[in-house]
Ligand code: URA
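Just the one chain here, laid out as structure tokens, in the form predicted alone.
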Amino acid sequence: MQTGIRLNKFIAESGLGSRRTVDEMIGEGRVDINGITVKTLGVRIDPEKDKVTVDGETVRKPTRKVYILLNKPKGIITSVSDEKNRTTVIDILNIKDRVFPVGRLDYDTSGLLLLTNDGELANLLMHPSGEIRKTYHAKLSKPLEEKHRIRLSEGVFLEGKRTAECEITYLKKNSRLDVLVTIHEGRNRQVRKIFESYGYFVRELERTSYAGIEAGNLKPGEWRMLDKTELETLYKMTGLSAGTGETGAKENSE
């Protein structure tokens, strides 16, 4: 019988990233156990005895779990850090708690982004089997024809693989330039690419809903903690027991 905790789970729970991100860190040789670099996935450790470091920094479990909803502006990097020194979502938060983004929003895409240090919840939210629904407001380069709306909703082939069915509705009765798109996949630039496959270009793209959670009064660049009901909903969606994180903090616009 195996003992201890998987290395990637331990690091993810420390708030350094999702398990997928942590696996990449391990593969890149950035993780040491008791001073020895480890590149093998699946390694287990004893948190009480083993010292784990990432990029030379000791990994410690956070004293509290936090769940943040950010209204990301355009021109911000969805990353913990950036090698080109561009502004990241972490820079916007400007908080002491170490958190990481759940999934990604492109540099030119604005809207709702969840950030947390709950690695287990983040991993389940990002896993394809969870089919977490995300809704986007897209402004198109030309009016969307009804026949194309139907075909796009049924799925299209991108890079040799068909996208899952999605919902596409017109946002305004008198305009077909603005549409709402609801998907549950997380393929790279998926919303932009499906429209491009039929000759449409997305001029502006904003995520307006994530797992049923909406921005409310949040302006671009502002953030808030998830409330108890929102957090319970996410845990129910992912099949986890009720969370014990920090919620209900006042909104922040730093």
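These numbers come from a predicted model, not from an experiment. Numbering starts at 1 and runs along the sequence shown.
This next part talks about the form predicted together with uracil, which is not shown.
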Checklist entry - Does every residue of 12, 61 and 100 put a non-hydrogen atom within 4.5 angstroms of uracil in the predicted complex? => result no
Checklist entry - Does the 4.5 Å heavy atom contact test between residue 211 and uracil in the predicted complex come out positive? => result no
Item to check | Contact flag, residue 71 vs uracil in the predicted complex, heavy atom cut 4.5 Å | outcome: no
Checklist entry - Looking in the predicted complex, any heavy atom of residue 52 within 4.5 Å of uracil? => result no
Next on the checklist: I'd like to check something about residue 105: if you look in the predicted complex, is any of its heavy atoms closer than or equal to 4.5 Å to a heavy atom of uracil?
Outcome noted: yes
Next on the checklist: Please tell me which of 66, 205, 26, 215 lies within 4.5 Å of uracil in the predicted complex, judged by heavy atoms.
Outcome noted: 205
Next on the checklist: Between 219, 189, 228, 39, only one gets a heavy atom within 4.5 angstroms of uracil in the predicted complex; which residue is that?
Outcome noted: 189
Next on the checklist: Tell me which stretch of 121-129, 85-93, 162-170, 105-113 has a heavy atom within 4.5 angstroms of uracil in the predicted complex.
Outcome noted: 105-113
Checklist outcome for this item: Restricting to 128-146, the residues within 4.5 Å of uracil in the predicted complex through any heavy atom are 136
